[in-house]
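Next comes just one chain, in structure tokens: the form predicted alone.
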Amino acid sequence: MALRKRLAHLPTHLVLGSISLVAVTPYLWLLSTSLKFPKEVFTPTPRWIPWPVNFGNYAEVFDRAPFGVFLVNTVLVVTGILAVQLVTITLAAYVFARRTFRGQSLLFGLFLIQMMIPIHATFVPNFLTLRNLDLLNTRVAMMLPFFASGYGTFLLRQAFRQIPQDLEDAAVIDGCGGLRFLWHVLVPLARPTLVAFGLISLVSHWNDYLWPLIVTDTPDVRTLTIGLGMFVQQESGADWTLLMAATAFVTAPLMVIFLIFQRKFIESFMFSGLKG
């Protein structure tokens, strides 16, 4: 009986496995190229397994650019943005989901409109503001415009709204105030949504290239993506082995983070709250 059930799911597994193989193939080719010598990149027959293996590409990446400094800057920037975002979106979502006040619909509508504005349309006013505050060429300049998130507020508001009002009424009767109810009840129940937003925020700001390039001009405060661009913008053209090695180094932390939190990420899209 168990064998019959497994065979019944075999076509589905084969289809999903084929799609997964197609999705992971570019990354496997990236890793393969990062371990090759330059003359082995363009060959009549593609070589998936490099031989001899050239681990020196990764060492040379750090010789060509201060990737250690770039990594520290990137970690500080993305974690700083996420830490502040989690506070701002949690408080804003709580107010929109669990409180009633005059102009609530209008204010929430402005949040939704903000989500429709292309981020690049805000670069000029944000740059001028940061210049007036004398914050250019600092890590704060890369973080400040992203401390609030309309998308995160909307996502978390929807999760909070699915939690029954009866649960909050019972908490109030037991002497649990608004912020205590938020911290001890709402936040734990919405943890999958928070994890999903955290992953989205980390990936978005880890891969951000244009904004850090605009507001910084020294390697001391620049991020990994700008360092990655140094291997593309060369007079002799891109050095593909070094570029792939640098790309593997830049993307590896994101791959590890996603593999660790993938279950929570999937749960966020299945989160349906409590049924009262």
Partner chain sequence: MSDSTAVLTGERAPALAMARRFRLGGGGAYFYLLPSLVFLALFTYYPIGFSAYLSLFRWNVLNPEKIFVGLENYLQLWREPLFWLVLRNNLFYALGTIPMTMALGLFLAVLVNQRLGAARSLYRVALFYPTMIPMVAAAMLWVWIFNPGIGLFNYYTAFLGIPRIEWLYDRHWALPAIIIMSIWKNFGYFMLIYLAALQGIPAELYEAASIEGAGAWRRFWRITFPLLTPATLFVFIVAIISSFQVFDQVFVMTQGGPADQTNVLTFYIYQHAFRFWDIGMGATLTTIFICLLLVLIMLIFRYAGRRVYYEAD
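Rigid core: the largest C-alpha set superposing within 1.5 Å between the two forms. Everything numeric in this text was worked out from a predicted model, so none of it was measured. Positions refer to the first chain, counted from 1.
One more form of this protein exists, namely the form predicted in complex with the partner chain; it is left out here, but the text below deals with it.
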Should Val95 be classed as touching the partner chain in the predicted bound form when contacts are defined as heavy atoms within 4.5 Å?
yes
Is Trp51 one of the residues lying within 4.5 Å of the partner chain in the predicted bound form, judged by heavy atom distances?
no
With a 4.5 Å heavy atom cut-off, would you call Gly175 a contact of the partner chain in the predicted bound form?
no
Partner contact for Val124 in the predicted bound form: the partner chain, 4.5 angstroms, heavy atom:
yes
Partner-free chain; cross-checking the partner chain in the predicted bound form, the single residue of Val250, Leu35, Val221, Ala65 with a heavy atom within 4.5 Å is Val250
So the partner chain isn't shown here. In the predicted bound form, which residue out of Leu91, Val195, Leu76, Val185 has a non-hydrogen atom within 4.5 Å of it?
Leu91
If we check the partner chain in the predicted bound form, which of the residues in 191 to 224 reach within 4.5 angstroms of it by a non-hydrogen atom?
Val203, Trp206, Asn207, Tyr209, Leu210, Leu213, Ile214
Core-aligned, is the CA shift for Thr43 between this form and the one not shown 2 angstroms or more?
yes
Checking Phe62 here: with the core superposed, does its CA move 2 Å or more between this form and the one not shown?
no
Core-aligned CA displacement of Thr216 at least 2 Å between this form and the one not shown:
no
